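In structure tokens, one chain follows: the form predicted on its own.
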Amino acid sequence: MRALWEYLWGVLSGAWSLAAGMGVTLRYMLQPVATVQYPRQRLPLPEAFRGPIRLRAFPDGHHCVACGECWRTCPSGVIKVQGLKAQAKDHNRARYFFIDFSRCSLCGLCVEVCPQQALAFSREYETVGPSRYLGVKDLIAALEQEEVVP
């Protein structure tokens, strides 16, 4: 009699365990899908997203004066800026603005210290490449390729 009772208890506890597991499965099966099929679908980025830095575009070009505050402040030492004056009376303008994104820590100090507000965070997040040498970008050349958005 005791063996029969243990057998029935095992069957009932197994059935209860199966029912509880199926209840969890059904509960999650009826909820909306949380998975995003990444290359075809994308989630909206939050407003606080900080991607790699870029030069801000203005209708009259960029406002970087090559003062050097960004490369002096950069803890990683990955920014190189060179300025040029067309004539002696003109303002200094950045001619080259190179940054190595493969070593950049995205700390944002360069954006904060820019006196002309010429730097901003981009909304990019797909910046992978096959070589680490492709991480070196000229932000002036990249700015010339994109359209003007204030």
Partner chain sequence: MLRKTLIHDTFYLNLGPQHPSTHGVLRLLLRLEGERVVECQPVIGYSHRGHEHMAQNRSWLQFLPNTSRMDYLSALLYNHAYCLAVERACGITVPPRAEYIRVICAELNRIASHLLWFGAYLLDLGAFTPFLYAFDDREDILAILGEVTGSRLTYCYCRFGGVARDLNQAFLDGVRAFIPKLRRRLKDYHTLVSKNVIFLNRTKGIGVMSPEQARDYAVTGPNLRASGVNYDVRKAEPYSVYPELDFEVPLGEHGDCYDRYYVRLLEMEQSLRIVEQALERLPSGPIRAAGVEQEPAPPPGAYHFAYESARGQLGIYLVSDGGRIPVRMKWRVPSFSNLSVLPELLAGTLVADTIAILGSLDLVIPEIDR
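Nothing here was measured: the structure is a model prediction, and the numbers come from that model. Here, rigid core means the biggest group of C-alpha atoms that superpose within 1.5 Å across both forms. Numbering follows the first chain given and starts at 1.
Another form, the form predicted together with its partner chain, is not on view; read the next lines as being about it.
With the partner left out here, its partner chain still marks one of 66-74, 52-60, 79-87, 93-101 in the model of the complex; by a 4.5 Å heavy atom cut-off that stretch is 66-74. At least one heavy atom of Thr25 is located within 4.5 Å of its partner chain in the model of the complex. Proximity of Gln116 to its partner chain in the model of the complex: non-hydrogen atoms within 4.5 Å are absent; the residue sits far from the partner. Taking non-hydrogen atoms only, Ala120 never approaches its partner chain to within 4.5 angstroms in the model of the complex. Taking the partner from the other structure, its partner chain in the model of the complex has a heavy atom within 4.5 Å of a heavy atom of Pro46. Contacts to its partner chain in the model of the complex (heavy atom within 4.5 Å) from stretch 101-126: Ser105, Cys107, Gly108, Leu109, Glu112, Val113. For Tyr133, the Cα coordinates differ by under 2 angstroms between this form and the one not shown after the core has been superposed. Superposition of the core reveals a Cα shift of 2 Å or more for Leu26 between this form and the one not shown.
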